[in-house]
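Only one chain comes next, encoded as structure tokens, the form predicted on its own.
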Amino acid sequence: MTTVPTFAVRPTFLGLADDDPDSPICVAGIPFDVGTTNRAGARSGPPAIRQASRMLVDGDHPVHWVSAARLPLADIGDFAIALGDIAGSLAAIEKQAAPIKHLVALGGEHGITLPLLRALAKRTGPTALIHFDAHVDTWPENFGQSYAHGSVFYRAITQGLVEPRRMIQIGIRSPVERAVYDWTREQGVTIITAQDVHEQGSAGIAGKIRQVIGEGPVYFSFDIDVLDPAFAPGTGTPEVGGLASWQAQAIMRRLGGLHFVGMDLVEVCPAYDVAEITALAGATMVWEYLCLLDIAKS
């Protein structure tokens, strides 16, 4: 437990005082949303997630019994972007991510995942991918833009940054062109719909994730719109019929021991939030991930 009341915790992620970029695990904000296709505002996600994370510092994780205070973790602030320039911003994000040992990124829109995977692939080669989202994000382009947030995993697959047969998408439910959906499946990607999660349960889905991922490095990308708008209204492209917060937690809590090499939490748009519930959901999913890293070391 902290020595100050929750409302007075410093406005970093989990109230961290450490800002050393050489720390084993670094949290960084990426306030970028130029490639959004519906409601803008994810650029304001990082401070909202940090602010909401104050609720997570009063004790240990109630299942894993991990204390955030003892994690080798630093909040290194926000990455610089090229104002109004998608290509320039992606290049800048990749350069800043490159030297970080293990990056946990607070978005920002989902387009930030592409440069993070580019930076990671130079160190590890193509990785497996666990992707929570309402959308497949494998469109070749969005409204003429090849690097909008709905094309991020099309680029990741075609650029060889991920292993599509070790890639699994959870919570998919949005309208999508059949050709885009079929192309994604043809690459070897496993698609788990939100309805699958509701019907099969968290334990079954976690088992399927482990089966698909297997051994080797895995990247974790969590789009907050995987949650139903009842649990996460503050996002740019909400879709009804999504996961409840507890379902996402229950799945994540069963993924300990996987070889995670990085994470992002994206698409929190505070302007559309209510009582910080979306920001808190985002902060909590990052916390759940960090606790898995501690389990993997123990």
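These figures come from a predicted structure and were not determined experimentally. Start at 1 and count along the sequence shown; that's the residue number.
We do not show the form predicted in complex with another copy of the chain, though everything after this point is about it.
By the criterion of a heavy atom within 4.5 Å, Ala230 is counted among the residues contacting another copy of the chain in the model of the complex. Mapping the unseen interface onto this chain, Gln187 falls outside it, with no heavy atom inside 4.5 Å of another copy of the chain in the model of the complex. The shortest heavy atom separation between Glu215 and another copy of the chain in the model of the complex exceeds 4.5 Å. The closest non-hydrogen atom of Gln159 lies beyond 4.5 Å of another copy of the chain in the model of the complex. Taken together, the three residues Asp75, Pro126 and Val261 lack any non-hydrogen atom within 4.5 angstroms of another copy of the chain in the model of the complex. With another copy of the chain omitted here, the record of contacts in the model of the complex names 176-184 of 176-184, 91-99, 206-214, 160-168, defined by a heavy atom within 4.5 Å. For the partner-free chain shown, Asp58, Gly59, Asp60, Pro62, Trp65, Asp78 of 57-79 come within 4.5 angstroms of another copy of the chain in the model of the complex, judged by any non-hydrogen atom.
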